[in-house]
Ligand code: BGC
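Just the one chain here, laid out as structure tokens, in the form predicted on its own.
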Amino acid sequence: MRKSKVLSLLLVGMLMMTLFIGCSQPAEPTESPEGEETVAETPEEKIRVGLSLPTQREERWVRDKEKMEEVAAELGIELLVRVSDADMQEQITQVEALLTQGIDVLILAPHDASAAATLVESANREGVPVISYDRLITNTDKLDIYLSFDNVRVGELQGQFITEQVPTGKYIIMSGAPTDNNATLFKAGAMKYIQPLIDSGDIEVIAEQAVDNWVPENALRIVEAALAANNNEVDAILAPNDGTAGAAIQALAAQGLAGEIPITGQDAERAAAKRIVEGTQSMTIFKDTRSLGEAAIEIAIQLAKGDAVSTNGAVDNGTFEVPSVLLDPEVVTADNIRELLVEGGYITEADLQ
């Protein structure tokens, strides 16, 4: 009985030794159809990119998201998308969750430029590079890259256009959300052209107000109040984007003034393009978000791999000059709308009908 137990133990030991030796052998090379020996390679782990957007309420942000998803899929990047719906606390919660999911890079378009600094700091502690997307994140020196259009230039184009159209008269001046640093840049650019005419007395400002959260209904109330207080006497309206321009035009239409008052815009939305053709909106600024979204994914890949990113500028965020990649905006009017937007494939001819 004892001998059989010993023999059993020896057999088990030999079997385990055989299995161990077999498992520890290197992988056998396999033959390719041509007879050449190949060794199977471990697949490279996918780059994971977190994308935090402030909203999908406006057409341009929908386009940004769609383009980045498209490019990420083409390049084999895992893109984790979160939308905070204009709620900073929700954006904080979403980004903190993304940082626990092993992302390699964070693309962050902040709802609140200043409050988002804490998210950059959190990402930095986790070793995750941050791309400040379209909107500049302020008051942090941990930001890696700012990717946007030249937003001061956007405002300059708006201000130059409206003052050439209306060099004298009564102006309503609206700016974007106070929490959005881009809104500050847009207005600063526009006022380079408007302020000298205010100082000379050629322009009288009958209303000057920021549009909270970029919400068109807030712009509508601003313009309605200004028209009521000034007996509908207005000669020009600086609207910071197409959404606020549409709201201003709604207020003008209610007074029979649509198409009579020059008004600016930005983002080249389909509805704005149609209004330009109809003559109720004077212009918009075209910022091709297809190029911006594609650049964001490409830069994210470079950062994930530790490669250097080529920049073409630097923008002061209140703490340091952030290395920046800035794309060029363009003015769209009734004269060039088909060339820039239709022929370029951004919108269709049917969108203008």
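In this text, residue numbers run from 1 along the sequence as written. All figures in this text were calculated on a predicted structure; none of them were measured in a lab.
Just so it is clear, the following notes concern the form predicted in complex with this ligand, a form of the same protein that is not shown.
Out of the listed residues N182, S132, Q158, Q281, N182 is the one that sits within 4.5 Å of this ligand in the predicted complex by at least one heavy atom. Of the listed positions (E69, E298, D328, E58), a single one reaches within 4.5 angstroms of this ligand by any non-hydrogen atom in the predicted complex, namely E58. Residues within 4.5 angstroms of this ligand in the predicted complex, judged by any non-hydrogen atom, belong to 265-273 and to none of the other stretches in 265-273, 251-259, 93-101, 200-208. Among heavy atoms of Y193, none comes within 4.5 Å of this ligand in the predicted complex.
In the predicted complex, this ligand lies within 4.5 Å of some heavy atom of W214. At the 4.5 Å threshold, heavy atoms of K65 stay clear of this ligand in the predicted complex, well away from it. For the chain shown alone, R48 is not a contact residue for this ligand in the predicted complex, no non-hydrogen atom being within 4.5 angstroms.
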